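First, one chain by itself: the form predicted on its own, in structure tokens.
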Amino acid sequence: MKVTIQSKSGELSFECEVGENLLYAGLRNGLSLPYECATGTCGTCRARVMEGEPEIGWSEAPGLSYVKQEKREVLMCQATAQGDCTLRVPAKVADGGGRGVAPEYGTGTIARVEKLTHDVMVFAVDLDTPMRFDAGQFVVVETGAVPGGRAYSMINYEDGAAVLEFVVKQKPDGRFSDWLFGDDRTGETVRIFGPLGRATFHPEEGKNVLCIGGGSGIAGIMSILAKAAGEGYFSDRRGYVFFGVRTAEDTFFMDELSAHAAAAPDNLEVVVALSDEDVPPALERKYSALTFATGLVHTVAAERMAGRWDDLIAYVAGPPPMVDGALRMLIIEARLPGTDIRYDKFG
């Protein structure tokens, strides 16, 4: 079937399978369609149906609050093709001009599940076909046991990864996280679509790096650190990592962050911020390569980065309120241009 996209940069078209997700079909065909979460929560991929009758999937998607359904607006990530159709997208759309690898469909098997805290877990997926991705990207993960897809950033990084590693936080009424936490899911088959996301790290840009992550939002930052370490990036450039959690009991990846900090002691600073309690002295003694602070992570970052905003790219990930606070700080206080602030907000 033919899908036509009318945008501010002209008209483009691509071929789509019957019943295929319209956003995914456009992205895998190389179109730079607008999106953030790709799972129905943010509303970024809204479009108006000019011709045709796409079928709408998740009728209660939070992102639908941003569309005018009476004017036939849809979320492309929640619409599937039933025949030829034409969509009008309120953005510029390019064909094949994006950086990185076009996303594709894939499958894999959950190979490892490990609980990190009472409500945070890491799980690994052995892919049937290796995937290339940029550090900082994410994929949409689906299982037949739970309707709909969930977006998770990769923790690991390697060029042509045969295994993808993710961290997930158990959320109230989170059906996928409840499923994952409910039993040993080793051996379960999952579907993957990706890679996705524009909060990507590219060493050739040659700038200092600022990363602000809250909770499980540290995942993509760990991937960035893995690639940077492999490139020896912090041998001659500065890195600043701020990781926020509520309490000491909520910390995780402390050993991994310590190893990164210890490997580049002169140029990489890692600060762990506890928002809901003072820092226990025992935690500071155990992880002497890290710096600890009390407060909201974006506030701590603003205080400690004062006067050090030059020549850097900022990466932000975490719960939407934290991301919003960090973005305001980076725009108003740091005065960074939008091209030097990278984030993917999904939650």
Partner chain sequence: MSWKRVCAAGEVAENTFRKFEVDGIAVIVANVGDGYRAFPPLCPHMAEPLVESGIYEDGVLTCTKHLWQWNLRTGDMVGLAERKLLMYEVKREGDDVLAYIERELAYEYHEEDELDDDDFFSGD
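Positions refer to the first chain, counted from 1. Just so it is clear, the model here is predicted, and its values are computed rather than measured.
Form predicted together with its partner chain: not shown, discussed below.
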property: Non-hydrogen atom within 4.5 angstroms of its partner chain in the model of the complex for each of Lys92, Ile331 and Arg335; result: yes
property: Residue among Trp309, Tyr66, Phe292, Trp58 with a heavy atom within 4.5 Å of its partner chain in the model of the complex; result: Tyr66
property: Val300, Leu31, Cys42, Met322 - the one with a heavy atom within 4.5 Å of its partner chain in the model of the complex; result: Cys42
property: Contact flag, Gln6 vs its partner chain in the model of the complex, heavy atom cut 4.5 Å; result: yes
property: Touches its partner chain in the model of the complex: Lys171 (any heavy atom, 4.5 Å); result: no
property: Residue contact check: Met1 to its partner chain in the model of the complex, 4.5 Å heavy atom; result: no
property: 4.5 Å heavy atom contact, Arg304 and its partner chain in the model of the complex; result: no
property: Which of 122-130, 189-197, 69-77, 250-258 lines the interface with its partner chain in the model of the complex (heavy atom within 4.5 Å); result: 69-77
